[in-house]
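Let's start with one chain on its own, the form predicted alone, as structure tokens.
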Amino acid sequence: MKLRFAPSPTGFLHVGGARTAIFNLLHARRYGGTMLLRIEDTDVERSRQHHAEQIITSLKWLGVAWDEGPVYQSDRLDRYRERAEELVAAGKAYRCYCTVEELDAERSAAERAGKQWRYSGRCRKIDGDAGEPHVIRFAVQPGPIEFHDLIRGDVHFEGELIDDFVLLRSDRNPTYHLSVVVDDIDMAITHVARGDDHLSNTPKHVLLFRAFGAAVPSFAHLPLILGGDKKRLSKRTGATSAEEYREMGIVPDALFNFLTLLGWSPGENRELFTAGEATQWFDLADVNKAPAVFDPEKLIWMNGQYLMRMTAEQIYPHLVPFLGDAPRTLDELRTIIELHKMRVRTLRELAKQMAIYFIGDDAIEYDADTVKKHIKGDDLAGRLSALHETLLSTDPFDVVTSEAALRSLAETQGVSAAKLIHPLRLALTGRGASPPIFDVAVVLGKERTLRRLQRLIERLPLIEG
């Protein structure tokens, strides 16, 4: 068994393409087959090398590990021309000398008559000069064209409704139909899993496989991915490329897991699983026919679940791009990552929460709602000054000892511990929520904790005013 993922390098890796790559990979792995990466770059006007490189980078980041390739179609142009000429010699294709103007005139005439235009096939009987400008068209014969789709079941088309489609353009570059079939034959592809939008191309490809005397591969046309508005996923409804989700702070394993569930389910209400587990269960025949809905909120939730389960060592390499120009080492961040990973849903959120440990003490900005809720009472300055003195004398300055000291002070003052904890949290983080504040204080260290607390005390008149 051999499958392929064959993107066109006309933009970033779309999430639909990423899912197609994942489905090809999982099916190949499930059945001990191989997967080929092929870059279909024969569209010279739209294809760009930097897009090809970006697609490859995104696939590697996502964890899609192909076995062969990447193969570039632009390196195989002579092969496509050779095979097109074979079909002409065999009488299965012909040279068409019709100009663009002639074809446009025919199309306009059909429209005026209220008919659907189809190429007349008039050049089938013309024995022209091969040196004159021409395209090569496939001679479609009438009759049924049938194939079995692993997802849709038996599919039927009629040859009478299909144009004599172009194989080789006048500039001698191949069309998609020719290049993809020649490649699938030469590269021994047994299964073609691609988007539902290719379904109308498949009867043409079936005809070409047969014309070349090659076995027709098994097809699986994957359902579309829709946005929340139940329309085809587009920029208007949100991010559409894998790279955009990477920049949002989604970890690759979460995106892989999420995309795998778009149109397929492992059953038993499983939602979180590894790629290795998916390879044990996945089969293209189990993919749903109905379009899948891309729910960004569910992806973000799933990403949070992954972050909670990952170790600091696993998170760190993905976190580095979000740490700014002076990224810290894993040893510096390990404890902080473990403290905050349970409270965030993206790497970007994690980096933002971690920033409080590395900014200057005077750069802390106090959340207005938290100030309004917890910074009040005529005796607050005195209580916080007493807390400052208590923490100054706390030794060792660890979580257990510092918490015990604060609670003892609160009892002495006749107030709840919360009356001291909330202002301390505001002083150290500027926020109303954080990991356990004594853990935060220990990470900051005694000196910085006392500086930040003193800063809040000094600003109380201004804040309360």
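One rule holds for the numbers: they count along the sequence shown, beginning at 1. Treat the numbers as computed from the prediction; the structure is a model and nothing was measured. Think of the rigid core as the biggest set of C-alphas that the two forms share within 1.5 Å after superposition.
Keep in mind that the form predicted in complex with the RNA is not shown, yet the notes after this line are about it.
- Mapping the unseen interface onto this chain, R30 falls outside it, with no heavy atom inside 4.5 Å of the RNA in the model of the complex.
- Among heavy atoms of E40, some come within 4.5 Å of the RNA in the model of the complex.
- V100 belongs to the set of residues with a heavy atom inside 4.5 Å of the RNA in the model of the complex.
- Contact annotation for S434: at least one heavy atom lies within 4.5 Å of the RNA in the model of the complex.
- Look at 241 to 249, 190 to 198, 277 to 285, 383 to 391: in the model of the complex, residues with non-hydrogen atoms within 4.5 angstroms of the RNA sit in 190 to 198.
- Checking A211, V135, M354, V320 against the RNA in the model of the complex, a heavy atom within 4.5 Å turns up for just one residue: V135.
- Residue A290 is the only one of A290, A113, A90, L77 with a heavy atom lying within 4.5 Å of the RNA in the model of the complex.
- Contacts of stretch 332 to 350 with the RNA in the model of the complex, defined by any heavy atom lying within 4.5 Å, are made by M342, R343, R345, listed in sequence order.
- Once both forms are overlaid on the rigid core, the distance between the two CA positions of L77 between this form and the one not shown is under 2 angstroms.
- The rigid-core alignment places the CA of D104 2 Å or more apart between this form and the one not shown.
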